[in-house]
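Take a look at this single chain in structure tokens; it is the form predicted on its own.
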Amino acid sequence: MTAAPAPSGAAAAKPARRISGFRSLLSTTAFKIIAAYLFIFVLFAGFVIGWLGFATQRQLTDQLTETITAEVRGLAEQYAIGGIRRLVEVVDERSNRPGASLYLVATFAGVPLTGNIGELPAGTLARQGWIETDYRRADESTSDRPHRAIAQVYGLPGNFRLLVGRDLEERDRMREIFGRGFRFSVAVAIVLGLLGAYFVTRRVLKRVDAMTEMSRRIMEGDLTGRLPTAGSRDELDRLAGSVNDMLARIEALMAGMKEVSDNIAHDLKTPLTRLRNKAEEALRVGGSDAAYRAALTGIIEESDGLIRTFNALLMIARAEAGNQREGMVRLDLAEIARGVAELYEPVAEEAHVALTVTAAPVSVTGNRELLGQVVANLVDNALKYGATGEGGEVAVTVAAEDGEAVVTIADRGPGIADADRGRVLDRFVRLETSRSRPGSGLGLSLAAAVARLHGGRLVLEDNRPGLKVALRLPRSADDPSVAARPV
């Protein structure tokens, strides 16, 4: 393969900019997406931890209030049984238990009668019901830090006040534990997330840099280059695979263009030289009108041959470019085959070749002119190179096989060797056995190009003996299945 010339200008000389640098990495789309995902993850984690902390705190508070309510109810019953004296005795006894709740019995003026609470904010006992308040125990001094408690103030007959409460230190400790856990989790998530984003993005961008470097080489003319793949079958590998397939196709087209240019220059040089020599000889020798007429006739024949060659090249180019897909209609291949056979019957009779057609109606969607030209080329080739005089046979068959419409042209000639069957589909390729006969080497190339245009293929097989060329096309969706019938 010969590389295409390097493009000129600043674009060709400008090196591809690498994007795996740290500052460039922060501005990449991949890093921004990961950072956005990290932000959402942190919000979600904060919500979960916060909700767990709130639910736990609420559960602890409910347990405390239930306990306090039960104790208040029990102490009120003691008061009802034995009055303030009994209540004071019970509260005094409970206040001295290890881990006891908070108790305080006071007069209407706030004078303590018993309990383990030493100090309360002013006016606390005046508010009945549930309160959260600071307090100090009876055995603590005023210099000690006050505690926090939840309590219920209950009014007794005689304007006595009963306060029962529980310390909130455990609940506050739990809140602090959840708070520290939340802050630590968020910090760890952010650090690990950023590190992960950095390493993951850097790994991805290294592959992008490698692809960018290879793209630069390809733009400079190295069409043999292919984008690297990691073998992981991820989205980058799939993208690289598609681009590589495209590059392979472009490389093949470029190679084909060069080959076609070389072949055109080589194969058209000979007829153009003959045409010039005939004209020069007519002018140099001169002679009668009949001699000039004969020279002009030869020139016209050479010109017709050149025109046919250029027409074939144009048809191949149009077929490979796909420009003629718009003119495709639903048509019957059997009808085309029979029309071509009728056209070539005189030629077959003159060559003493038995030309037979077995065609069943098979519908395809295609270009009638191109398909007709292809079938005509294949029949013409079979009559030229596959018929060996008396007893020659050329059979044209149209049938439906495995969802395909197949036009087969089979002869009993020398055939084509296995090694040459792929090569003869290229432009201007003529085998040594056929060089003594007229032709441009474009018939099979045109047939293959038209087959590709219609989504089909051209298959060359051994007819034992002879050559069997099958034009296989996809059938129309509404084509009825019919059995082959002789014509």
Partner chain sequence: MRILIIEDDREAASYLVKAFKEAGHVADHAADGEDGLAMASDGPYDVLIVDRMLPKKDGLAVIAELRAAGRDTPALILSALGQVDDRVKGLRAGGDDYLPKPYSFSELLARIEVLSRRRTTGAPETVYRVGDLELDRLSHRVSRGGGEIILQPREFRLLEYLMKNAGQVVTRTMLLEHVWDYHFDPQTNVIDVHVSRLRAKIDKGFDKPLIHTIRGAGYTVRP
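Residue numbers count along the first chain shown, from 1. All figures in this text were calculated on a predicted structure; none of them were measured in a lab.
Only in words, not in the display: the form predicted in complex with the partner chain, which the text now covers.
Checklist entry - Thinking of 297, 336 and 376 as the candidate spot, does the partner chain come within 4.5 Å of a heavy atom on all of them in the predicted complex? => result Affirmative, all three are within 4.5 Å.
Checklist entry - Looking at 73 to 81, 268 to 276, 179 to 187, 345 to 353, which lies within 4.5 angstroms of the partner chain in the predicted complex, counting heavy atoms? => result Every other range fails; the passing one is 345 to 353.
Next on the checklist: Which residue, 226, 217, 384, 147, is the contact with the partner chain in the predicted complex, using a 4.5 Å heavy atom cutoff?
Outcome noted: The option sitting close enough to the partner is 384.
Checklist entry - Among 222, 172, 237, 380, which has any heavy atom within 4.5 Å of the partner chain in the predicted complex? => result Residue within 4.5 Å of the partner: 380.
Item to check | Close approach of residue 340 to the partner chain in the predicted complex, 4.5 Å, heavy atom | outcome: So residue 340 counts as contacting the partner chain.
Item to check | Exercise: residue 136 in contact with the partner chain in the predicted complex, heavy atom 4.5 Å | outcome: Taking the distances in the predicted complex, the answer for residue 136 is no, it never comes within 4.5 Å of the partner chain.
Checklist entry - Is residue 262 close enough to touch the partner chain in the predicted complex, meaning at least one heavy atom pair within 4.5 Å? => result Residue 262 lies outside the contact set for the partner chain.
Item to check | Contact flag, residue 192 vs the partner chain in the predicted complex, heavy atom cut 4.5 Å | outcome: The answer is no: residue 192 has no heavy atom within 4.5 Å of the partner chain.
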